[in-house]
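Have a look below at one chain only, the form predicted alone, in structure tokens format.
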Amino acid sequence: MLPKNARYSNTMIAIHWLTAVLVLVAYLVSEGGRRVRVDPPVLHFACGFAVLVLVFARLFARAAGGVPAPPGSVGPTLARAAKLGHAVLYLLLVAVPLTGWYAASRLGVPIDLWGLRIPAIAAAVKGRIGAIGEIHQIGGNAILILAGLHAAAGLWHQFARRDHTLERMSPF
């Protein structure tokens, strides 16, 4: 069993797993092309917007409560790789919802979430919206790939290195 100070806070754990679920759901219900203009994927929009809100909540929680130090078995190279991986994930968790919001705005698709109209952040166009849609899609794929590597690293730490890494973020 890990000491209490080696675990992430309950807030960080809840935000981590909720973000993971929302990213997966957003990916599974995503669709593109002309159809988005006539039948907007509201669940996709809602999940993406929730991820954007949660990432800022998570950054605030990190700043307010800090994060536990890496396990003692983690050397400086692995610690730097973990910091870089987390930084890229955070960047993508902000950039992908923002590019989606921008793309929806360019498509002229109104975003209504729970009775709240989310304002457009760009002017609508009649034709192609430009590269932003492709950037959004590539970013979404990159999040899944990086999250998969993140999960694989956690499993490697837990079962090959036996350093209790998964217990640090376990909700149980």
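Counting begins at 1, following the sequence as shown. Given the structure is predicted, the values throughout are model-derived calculations rather than measurements.
Keep in mind that the form predicted in complex with protoporphyrin IX containing FE (HEM) is not shown, yet the notes after this line are about it.
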Within a 4.5 Å heavy atom cut-off, is F60 in contact with protoporphyrin IX containing FE (HEM) in the predicted bound form? no
G65: heavy atom within 4.5 Å of protoporphyrin IX containing FE (HEM) in the predicted bound form? no
Please determine whether L54 contacts protoporphyrin IX containing FE (HEM) in the predicted bound form, using a 4.5 Å cut-off between heavy atoms. no
Examine E31 and determine whether its closest non-hydrogen atom to protoporphyrin IX containing FE (HEM) in the predicted bound form is within 4.5 angstroms. yes
What residues of 37 to 55, in sequence order, lie within 4.5 Å of protoporphyrin IX containing FE (HEM) in the predicted bound form by heavy atom? H44, F45, G48, F49, V51
